[in-house]
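Only one chain is given next, in structure tokens, and it is the form predicted on its own.
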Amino acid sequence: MTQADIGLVGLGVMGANLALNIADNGYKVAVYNRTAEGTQAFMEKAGHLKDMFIPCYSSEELVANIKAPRPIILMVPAGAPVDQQISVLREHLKDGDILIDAGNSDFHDSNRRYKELADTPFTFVGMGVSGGAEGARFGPSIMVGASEAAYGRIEPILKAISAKHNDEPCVALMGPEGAGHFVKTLHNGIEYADMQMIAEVHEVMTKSLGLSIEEQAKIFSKWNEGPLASYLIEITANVMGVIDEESGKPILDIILDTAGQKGTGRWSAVEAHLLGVPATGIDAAVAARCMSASRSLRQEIAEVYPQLDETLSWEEKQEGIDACESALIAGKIAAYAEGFAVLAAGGKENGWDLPMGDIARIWRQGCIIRSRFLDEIAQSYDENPTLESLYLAPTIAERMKDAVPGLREVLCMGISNAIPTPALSSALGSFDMIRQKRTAAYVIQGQRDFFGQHGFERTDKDGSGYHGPWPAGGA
């Protein structure tokens, strides 16, 4: 019997689609699921690709059916299930075998596993895969954390199955250990911010501009032809255009307003705080999802504080639409600027030389945050590999200058009409803070020294540890 080129464990939606993608690209796959029923169901649905798979019903059978040295992909839930699969498989793996965790793992876990398995005959790889179920099936963006030798071995398969942007594979080596999962985590953090800002602009267009969902669907479709062109803008237009068959209403009118989350956005926010890098847009997006879960409390409070109503002329509406487009452009730039700042800090903290330009390039296709704007980010890092902030890139700076007035206008509409805009507000607040030559932090330092004798630095002298002539009892 012909052996497989690669193995895959975990035949849920993502694992099954990735297996089909690999087979579609000419590689034979040994597949294994925790339950025999899962393996059988997958094989029954494999269709014309059925002969490209070897169904396996034990770890021993899986390993025996893959050509040595064996690459094996784990597509199981993050956390304990990954460790359990590693524990089971490690007894059967040999020299040169590669175990690839392709789930949404915490990069700290990947760092740990990489180190714990360093002395084993096989090699551990932590691989971030973005694009959802569709991306897994037809071409995801892939971020790899591995040794150069291990990456070199699996690179041909990964390039074959990845998304392509102008025929360029959207896959790259991020660095060793958990570098791939770290980059994937920040991808998801930026995704959280981007999605929240889109939702906020929708609320402004609905409650302040009085635009129907059908009208907004056309507006988002038009925006997708310009600088906002992206997967999220495209699918927002599509979602807005869908009518619920049962109620006859736009489907957005009948979807419950509680947003779920799987943790990666929160991980991004936590890492940003630990690294001392502001990621206020991501913070706000995570907080908004948490607040959405408190639906019954929101309903009760809303009865105490009724909404405001305002009627605008069409000319005012059109001006508002243009401002909303600018607001999303500015917000997107802010989200990427903060996200890439956290990536840079995380790379430095962990000793990884993260390829910032390559990150932008492999995000241009396949992943959820793919957008036309990523071309400008990639070009900015090509022109200046040591770019300290995206706000300093000339092309991006000009775009930000043009867009910020619209963001301010949208926030004014939101505030005056009691419409929550936490992510957009955070984006502007962060931008306005980072562009100040002198912030109000000197007030905080004065307060800290007054009550705790923490000391401060002076603008007119070198050194630190200075104290103010505070009144008695200040400390």
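Everything numeric in this text was worked out from a predicted model, so none of it was measured. Throughout, we count residues from 1 along the sequence that is shown.
Separately, the form predicted together with a small molecule exists; it is not shown, and the next lines address it.
> Given that the small molecule is not shown alongside this chain, does residue 184 nevertheless sit within 4.5 Å of it in the predicted complex, heavy atom to heavy atom?
Contact check for residue 184: yes, within 4.5 Å of the small molecule in the predicted complex.
> Consider residue 11 of the chain shown here, and say whether it contacts the small molecule in the predicted complex, taking contact as heavy atoms within 4.5 Å.
Looking in the predicted complex, residue contacts with the small molecule include residue 11, since a heavy atom lies within 4.5 Å.
> Determine whether any heavy atom of residue 34 comes within 4.5 Å of a heavy atom of the small molecule in the predicted complex, and answer yes or no.
So residue 34 counts as contacting the small molecule.
> Is residue 275 one of the residues lying within 4.5 Å of the small molecule in the predicted complex, judged by heavy atom distances?
Residue 275: no contact with the small molecule in the predicted complex.
> If the cut-off is 4.5 angstroms on heavy atoms, which of these, 71, 103, 265, 175, is the one near the small molecule in the predicted complex?
Exactly one residue meets the criterion: 103.
> So which of 129, 279, 190, 362 gets a non-hydrogen atom within 4.5 Å of the small molecule in the predicted complex?
Going through each option in turn, the one that passes is 129.
> Looking at 200 to 208, 242 to 250, 103 to 111, 219 to 227, which one sits within 4.5 Å of the small molecule in the predicted complex if you count heavy atoms only?
Partner-contacting stretch among the options: 103 to 111.
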